[in-house]
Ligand code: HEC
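Starting off, we have a lone chain in the form predicted on its own, written out as structure tokens.
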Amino acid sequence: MKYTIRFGRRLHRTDLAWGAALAVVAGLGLLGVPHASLAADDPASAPTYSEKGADTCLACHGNAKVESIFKTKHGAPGNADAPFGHGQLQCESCHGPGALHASMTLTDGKLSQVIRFTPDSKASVETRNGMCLGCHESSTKHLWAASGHASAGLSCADCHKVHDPADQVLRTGTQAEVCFDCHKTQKANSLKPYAHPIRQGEMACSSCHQPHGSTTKAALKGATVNETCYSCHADLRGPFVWEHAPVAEDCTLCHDQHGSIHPAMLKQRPPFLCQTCHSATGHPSVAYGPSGLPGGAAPSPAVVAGSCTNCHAQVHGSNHPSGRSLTR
């Protein structure tokens, strides 16, 4: 397949300026190539762009996996903001100047002069991510540098597959598969009987979390845990006349947000969950008989079915004038 989408040598940016900039990066050791090969003070050896753009690259790298980029926004020739838009640098927008690379043979041992985004890349994570952030910095809200993913040394390409028209991490039904490659505990919890509908493809990790960085704990999208939960569970927001203190403080005091073996994703089943705060006096966790020993009597309402919520049904809060005990 041939993609003749350059119009002569239609670079609208000066090769020398871009080459000098990349030479500085190479001088810092970010490309994993000898400094002398990209000397900033030697214009003759400065990196230059190929004459035929993508056609030069595809002469060697043309295959279905690579050419699938033309089915994505990055490879749309009609999109002026995309690397393949008219007047842009095409493959070299991300991979860097490729004229020298294209002139080499496989035995030269210098193919790292173009930036690769694979795990075995010789370019540093900062260099690879810098290519992405050059265009996407505003969309990441300038928080990437302080994010947990950046601190862990991840590159954008560890999660995103730019050449794939169906990038898994951008789709609700498949995003979790990418996240679970690292977040094993969350994956195990999501497989428990009571969990958010991630397996069903109705939610994604990014429904609650901001993967590119956030000023909140655990990179939540809301200002707090509760604000994040209320984005879906608005009926539990309140304010209530009679509030249940742990509900107003933090939903995760009672619920395990990633999945649980208990109904409603509770951390324990009532009455045991309730008794972590409330005294068991008057609400025994076993039914006592006439002798004061377990057994021999009808079970207490406090230990069957909904347990505490058999009576205290408005556990999240009540607006009823007589709802002080959250019973109505």
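Note that residue numbering begins at 1 and tracks the sequence as displayed. From a predicted model like this one, the values you see are computed outputs, not experimental measurements.
This next part talks about the form predicted in complex with heme C, which is not shown.
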Partner contact for Asp250 in the predicted bound form: heme C, 4.5 angstroms, heavy atom: yes
Under a 4.5 Å heavy atom criterion, is Thr215 part of the interface with heme C in the predicted bound form? no
Taking the shortest heavy atom distance, is Ser260 within 4.5 Å of heme C in the predicted bound form? no
Contact label in the predicted bound form: Gly173 to heme C, heavy atom within 4.5 Å: no
Which residues within 233-257 place at least one heavy atom within 4.5 Å of heme C in the predicted bound form? His233, Leu236, His244, Ala245, Pro246, Val247, Asp250, Cys251, Thr252, Leu253, Cys254, His255, Gln257
